[in-house]
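Consider the single chain below, provided in structure tokens and representing the form predicted alone.
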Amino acid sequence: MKEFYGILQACALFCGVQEGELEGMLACLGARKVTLQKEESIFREGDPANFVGVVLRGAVRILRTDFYGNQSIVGQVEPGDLFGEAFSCAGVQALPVSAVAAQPSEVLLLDIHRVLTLCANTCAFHSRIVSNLVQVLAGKNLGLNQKLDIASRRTTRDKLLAYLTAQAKAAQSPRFTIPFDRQALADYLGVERSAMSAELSKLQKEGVLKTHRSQFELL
């Protein structure tokens, strides 16, 4: 685990935690590392919400499946980011989403009950972890509002531009790379891939943007 300590210290959940504290902290929180192949599930819709996860290597996609079996991408989680925390903290009996490795990955799973409950040793870091978790949840709520704003746009073009301008703003540059290929981007936006590809071609011809695979530049 020591090879991932740098990533853990960069994770918002462990903000303010020193490297020397991590070993004892992870044992207290019931941490376990899981290695995954691409498209392997970490948890599935309907599973109990018992864990909060941290991506150590690779990437994890959060998926939602409708009644007819159609999947949409709720979000993608990169190294140092958390997933599953909102549902586990809410105490839901069954998860409404699935988490799948987008590429070969390693994740750290923490027992949410140990995270939220002070241990018998009254570890000094525990209150810090809970405080950090509250801030993470608040940040994720802001991200959800952004996703709802994008999804509420009427046309594929409007959804594309809302997403891409948000990515440029986050990168603080008109040039940026998104975490999705074309199919995954269409799934994230909730649009047909063919319609989205047509809009991207139009936007390039109009001089609005340039794109190559996952790289974009707003003009």
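Quantities reported herein were computed from a predicted structural model and do not represent experimental measurements. Just count from 1 along the sequence shown to find any residue number.
Omitted from view is the form predicted in complex with another copy of the chain, to which the following refers.
Exactly one residue in R153, R182, R44, R32 has a non-hydrogen atom within 4.5 Å of another copy of the chain in the predicted complex; which is it?
Only one listed residue qualifies here, and that residue is R153.
The unique member of V100, L133, L108, V77 whose heavy atoms fall within 4.5 Å of another copy of the chain in the predicted complex:
That would be L133.
Can you check whether K147 is within 4.5 Å of another copy of the chain in the predicted complex, heavy atom basis?
Yes, K147 sits close enough to another copy of the chain in the predicted complex that at least one of its heavy atoms falls within 4.5 Å.
Within a 4.5 Å heavy atom cut-off, is P104 in contact with another copy of the chain in the predicted complex?
So P104 does not count as contacting another copy of the chain.
With a 4.5 Å heavy atom cut-off, would you call E39 a contact of another copy of the chain in the predicted complex?
Contact with another copy of the chain, no.
Taking another copy of the chain as it sits in the predicted complex, is C28 near enough to touch it, meaning that at least one heavy atom pair lies within 4.5 angstroms?
Close contact is absent here: in the predicted complex, C28 is far from another copy of the chain, nothing within 4.5 Å, heavy atoms only.
Going by heavy atoms, what in 164 to 199 lies within 4.5 angstroms of another copy of the chain in the predicted complex?
The stretch 164 to 199, when checked against another copy of the chain in the predicted complex, contributes G190, V191, E192 at the 4.5 Å heavy-atom cut-off.
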